[in-house]
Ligand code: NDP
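Listed next as structure tokens is one chain, alone, in the form predicted on its own.
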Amino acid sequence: MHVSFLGLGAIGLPMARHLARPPFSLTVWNRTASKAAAFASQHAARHASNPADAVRDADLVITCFPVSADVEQLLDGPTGLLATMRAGTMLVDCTSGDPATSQRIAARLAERGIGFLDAPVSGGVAGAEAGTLTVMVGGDATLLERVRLVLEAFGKRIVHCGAVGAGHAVKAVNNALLAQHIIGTAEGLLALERMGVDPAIALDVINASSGRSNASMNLFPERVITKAYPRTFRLALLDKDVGIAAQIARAQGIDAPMLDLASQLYHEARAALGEDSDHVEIVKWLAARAER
């Protein structure tokens, strides 16, 4: 199978590595051309000069970008995907995107006889490198079976979530829960610390009790208590995901004050901490905010 992979970011690059080997033939493209050229020189892959060139002979196209709008913008123009994608091929979008844009993309591709699945992933850079990502898929189940072998190259758990957009929706809600857990854990520990309780002791109790979460069990002990704050997932991207989850709730006519508040807080923290800050660094911002 000839696979074209577009978007070699922090997650996309290790995902693409798993496809640079038999039984796949791989072509890569990236907006920063030097990154794709370096990848091609180090792996069994061809470096394409533009999106149209990348997908010209592809059986399957995989996109992995920060937002759905990035993928939509690749469709048109003389160097766009639709200039050379053939009927019968497929596009699998691993962007952590939004359902509405993916539904528009899917409709346009369907007019050309091209299949579409939204397939965002979870598991971080470590999961991408190990090939153990969870892949949340939206779209026709028969299309998923056509590309399952490819997804299994970098995904350990592949879940069909529903129609087009369902994968993006599940990913956004999952990340919104992560955001809420970080905020809630930070605020609770700040209050306990003010009372004189050692945060490490508080976490020991919480993690053996009903209040535990991935944030309390992993992120806070490894990154907050140690003050390490490694930059593994940008706060800006989590801000985007929480905003998508809040949008989904509004579109379904649901009053979701927790989602709205988490979206507001992450948006404010992003403005204060900058585009390159890590998602856990909101804890610093919350601590400074508590001192006002």
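Residue numbers here begin at 1 and follow the sequence given. If you're wondering where the values come from, they're calculated on a predicted model, not measured in any experiment.
One more form of this protein should be noted, the form predicted together with the named molecule, which is absent from this view; the next part is about it.
Touches the named molecule in the predicted bound form: residue 125 (any heavy atom, 4.5 Å): Output for residue 125 is yes: heavy atoms within 4.5 Å of the named molecule.
So in the predicted bound form, does any heavy atom of residue 233 sit within 4.5 Å of the named molecule? Because a heavy atom of residue 233 falls inside 4.5 Å of the named molecule in the predicted bound form, the answer is yes.
For residue 39, is any heavy atom within 4.5 Å of the named molecule in the predicted bound form, or not? Taking the distances in the predicted bound form, the answer for residue 39 is no, it never comes within 4.5 Å of the named molecule.
Does the named molecule come within 4.5 Å of any heavy atom of residue 265 in the predicted bound form? Flag for residue 265 set to no.
Do heavy atoms from each of 8, 31 and 237 fall within 4.5 Å of the named molecule in the predicted bound form? The answer is yes; 8, 31 and 237 each reach the named molecule.
Could you tell me which of 250 to 258, 66 to 74, 52 to 60, 39 to 47 sits within 4.5 Å of the named molecule in the predicted bound form, going by non-hydrogen atoms? Every other range fails; the passing one is 66 to 74.
Sole residue of 121, 170, 81, 182 within 4.5 Å of the named molecule in the predicted bound form, by heavy atom: Here the answer is residue option 121.
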